Ligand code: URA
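Read the single chain below, which is given as structure tokens and is the form predicted alone.
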Amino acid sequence: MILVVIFGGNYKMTNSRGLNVVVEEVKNYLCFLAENGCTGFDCKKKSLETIECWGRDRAFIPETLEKIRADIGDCRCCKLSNSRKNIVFGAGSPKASLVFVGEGPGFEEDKTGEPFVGAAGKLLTKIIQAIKLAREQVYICNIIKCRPPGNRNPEPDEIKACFPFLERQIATLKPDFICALGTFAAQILLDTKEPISKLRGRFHDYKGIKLLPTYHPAYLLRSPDKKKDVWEDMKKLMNEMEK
């Protein structure tokens, strides 16, 4: 919820989510009241211009990962909040040029609140080291931030509730590269239904950022023969990052 307090021309706002929408609604509602003869409030042109500036002024406040995490709080936006132990926000360098995006937290991640710390996480660490980086130099996060029961696939309403936070994280990090791990990460980021087998092996565009899909480490644990494909993807990523 956004709280707007108007007193003597001053205002205070908390929580920036949907701010521009609310500002527009406040302005339109004041105009509606004025047109229908209501009095007792200031609806002059100058006052309306002041209201319009609220959203623009707020937009210049720098976004940070800490602020995004604070906005998430103890999120109850979807049903996953009923079964999770911890929100798994993300981890790594806020200055990372490479971001790994997975599907969602698993059992170990839900327990610790950290992304990719289970068996798949250990394999991801080896992949990162293979491209001559450390986990501390990249940023790791997921499409959704709460574990689905039984590690089932994320459902559309869960993705819809959580994806805006990931978009804000990526916009704040401003990486040069994204590596989408697995079907869901690649399909959601690229807004496509193409299978990961067809998406991997080449770069795509995500809002001006080079995005390379590849198989999820958890899939590699079940299908180790696909590791060679991931290594080919990682070589392409290394070559592009070195340009």
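From 1 onward, residues are counted along the sequence shown. Since the structure is predicted, the reported quantities are computational estimates derived from the model, not experimental observations.
FYI, the form predicted together with uracil (URA) isn't displayed, but the following is about it.
- Residues within 4.5 angstroms of uracil (URA) in the predicted bound form, judged by any non-hydrogen atom, belong to 112 to 120 and to none of the other stretches in 168 to 176, 90 to 98, 74 to 82, 112 to 120.
- Using a 4.5 Å cutoff between non-hydrogen atoms, E158 does not count as a contact of uracil (URA) in the predicted bound form.
- For G106, a non-hydrogen atom is located within 4.5 Å of uracil (URA) in the predicted bound form, even though that partner is not displayed.
- Within 4.5 Å of any heavy atom of uracil (URA) in the predicted bound form lies no heavy atom of R200.
- Of all the residues from 214 to 230, the single one having a non-hydrogen atom no more than 4.5 Å from uracil (URA) in the predicted bound form is H216.
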